[in-house]
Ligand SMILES: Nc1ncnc2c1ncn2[C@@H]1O[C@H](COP(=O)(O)OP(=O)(O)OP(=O)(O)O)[C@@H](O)[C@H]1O
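Next up: a single chain in structure tokens, the form predicted alone.
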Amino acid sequence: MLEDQAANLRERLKQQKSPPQKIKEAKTVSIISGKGGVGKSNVALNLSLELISQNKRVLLFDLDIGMGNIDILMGMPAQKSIVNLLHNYEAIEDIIETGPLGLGYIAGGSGLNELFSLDTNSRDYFFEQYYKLVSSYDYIIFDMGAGATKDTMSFILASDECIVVTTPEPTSITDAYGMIKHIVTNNPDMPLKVIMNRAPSVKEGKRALQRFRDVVIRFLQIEIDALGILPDDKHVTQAVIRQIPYTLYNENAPVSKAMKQLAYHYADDMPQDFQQSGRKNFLQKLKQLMTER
């Protein structure tokens, strides 16, 4: 069944040279963190799967330079990666792998470094290929590397929205604040949401989340939406060891139930047409940002 879904997607993309002028484009979301080790990739993967469970079409793009591990978390080593697109000029539909529940994902691999330093011809080819995806999905989710670099910021700032993953630990909170400050300095209008991961309890998670939001409001004068709280749950470690996404490993685990609720509210919060009239889409913003570098 999953093979059939992948084959159908490839056929649609091959037939689609360019999307029509007026279409519902995928919402491009960057999932970010201020530091490593906060569970960002696990959040990106399991959020994607829960959105699929709600009949959303999702593509997960691993853009975590040097730490790309989405395929490892799924126990499904990728046969192809972004390097096949950049080196061999393969069609983007041919490098999309199929994960659990029919999740489409693109592995990063060592070719990610080159993605952020393309020459003009390669850059145009990437834009052309990416453009083929925008009407085939509801969400295109980037699992970004931790922190802010000159290279990755182009993708983050061009996104329609950023989801910041942090934990209640003071160092994690401090780094997440620094990441948000960097983003709003360059794009004050960026919609931001925050997920408090590995909370010892719901009460402590809410307290840490509120403190974090208060600091952001006080010093940056912006609102950051609280997307949800995910508990510190032993099932996450067990799932990682077995290379199974935790929402599939044990759907009754506290973290799985919390993720299901979080994803439900997230999907329900997206308006039918999230793109405002006259607002630049992801590719338009990315082209501008990469040209200015």
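Here the structure is a predicted model, which is why all the values come from computation and not from measurement. The numbering used is simple: start at 1 and walk along the sequence shown.
Below, we refer to the form predicted together with the ligand, which is not included among the displayed structures.
Novice: Just one of 234 to 242, 220 to 228, 259 to 267, 49 to 57 has heavy atoms within 4.5 Å of the ligand in the predicted bound form; which?
Specialist: Residues of 234 to 242 come within 4.5 Å of the partner.
Novice: Is N42 part of the interface with the ligand in the predicted bound form - any heavy atom within 4.5 Å?
Specialist: Yes.
Novice: T152: heavy atom within 4.5 Å of the ligand in the predicted bound form?
Specialist: Output for T152 is no: heavy atoms all beyond 4.5 Å of the ligand.
Novice: Heavy atom to heavy atom, is S81 within 4.5 Å of the ligand in the predicted bound form?
Specialist: Contact check for S81: no, nothing within 4.5 Å of the ligand in the predicted bound form.
Novice: So, in the predicted bound form, is N197 in contact with the ligand at a 4.5 angstroms heavy atom limit?
Specialist: Yes, N197 is a contact residue.
Novice: Tell me, out of L85, I156, A146, I173, which residue has a non-hydrogen atom within 4.5 angstroms of the ligand in the predicted bound form.
Specialist: After the contact test, the surviving option is A146.
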